[in-house]
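One chain follows as structure tokens, the form predicted on its own.
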């Protein structure tokens, strides 16, 4: 439930803003000139705000699309990401958002039309490319968790039906899939589920649907014809990680059609140093921010030998179920300086 809504003056009469406010009729509405007055102000306590976040309705005026480094692709050509919303309903302990933002309030950009126009223009620029341009949603929020409020999926799925040379990837942990099941599957949309074994999910992914519930949602979506991606990113090292990931993969692939999975990604646990410092202050005693980490580099990650061991073990387990062509591994440590710079660019542009 939202108790307070901040709304920019310029979107006060926007149909989407009006629809959102209609859902929260009893919320206090405070008009502001720019969202940064609230969202970027200093002296905010992320942990306290997370207990009862306010909602900010705003207009995104520029920088709506960002390029992503090529090594993070999953089969597309040019890669871009966009964020119609900042901050997430869930409270995952490893999430970089709590280290990136001053505020835990939900910031919703209501001008979906401008995002779509930018995506269409960019897709047109790649109209003669050998592979479609790929557009990722769900890095600065969960793509579907707030969908009943925002109507994000309905608007963007309809838009991508008109963009055959573009692919939309919806990154999510959510079981809010009614809007997807209420329509035919869109061929150029991938619903990509972030997954962790039950032991990890129950401890670290606070507020998110459990592992089994996410698998249930995946099964329903796959049966309905949707393309599915599986994202084990980050892979979390812990004492029983091999046993836990083996059990999770066995449970998952007993229920889904592995041959029809669009892609599977494995990623190392990594954070920009500044984000890590803020997150460690929020949870100074948590094992996640101490166990096996290399704190000497600008990017905090597991020690290279440990990461190689962990990703290698989970990769071996995953290859029991899927083909070489379906699997993408994203280590924190790359072979050369150019690749290392690409990782830093991805993290800082978020």
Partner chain sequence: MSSMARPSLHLVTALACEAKPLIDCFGLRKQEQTDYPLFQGQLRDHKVSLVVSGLGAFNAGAASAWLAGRESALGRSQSAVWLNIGVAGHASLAPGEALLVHACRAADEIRSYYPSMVAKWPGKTAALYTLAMPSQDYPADAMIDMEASGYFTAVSRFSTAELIQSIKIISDNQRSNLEKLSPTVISDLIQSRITELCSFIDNLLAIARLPQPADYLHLISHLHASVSHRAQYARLIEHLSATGGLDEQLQQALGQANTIAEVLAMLRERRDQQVPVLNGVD
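Positions refer to the first chain, counted from 1. Keep in mind that what you see is a predicted model, and the values were worked out from it rather than measured.
Below: the form predicted together with its partner chain, not depicted.
- Residue in contact with its partner chain in the predicted bound form (any heavy atom within 4.5 Å), chosen from 313, 322, 32, 297: 32.
- Between the options 276, 269, 139, 146, the residue in contact with its partner chain in the predicted bound form by a heavy atom within 4.5 angstroms is 276.
- Its partner chain is not drawn, but in the predicted bound form it has no heavy atom within 4.5 Å of residue 215.
- Of the heavy atoms in residue 38, some are within 4.5 Å of its partner chain in the predicted bound form.
- Using a 4.5 angstroms threshold between heavy atoms, residue 129 stays clear of its partner chain in the predicted bound form.
- Though the partner is left out of this view, residue 238 does reach within 4.5 Å of its partner chain in the predicted bound form, counting heavy atoms only.
- Stretch 194-202 is the contacting one of 194-202, 153-161, 224-232, 119-127, since its residues have non-hydrogen atoms within 4.5 Å of its partner chain in the predicted bound form.
- Contacts between stretch 41-69 and its partner chain, counted in the predicted bound form as any heavy atom lying within 4.5 Å, involve 43, 44, 45, 47, 48, 49, 51, 52, 54, listed in sequence order.
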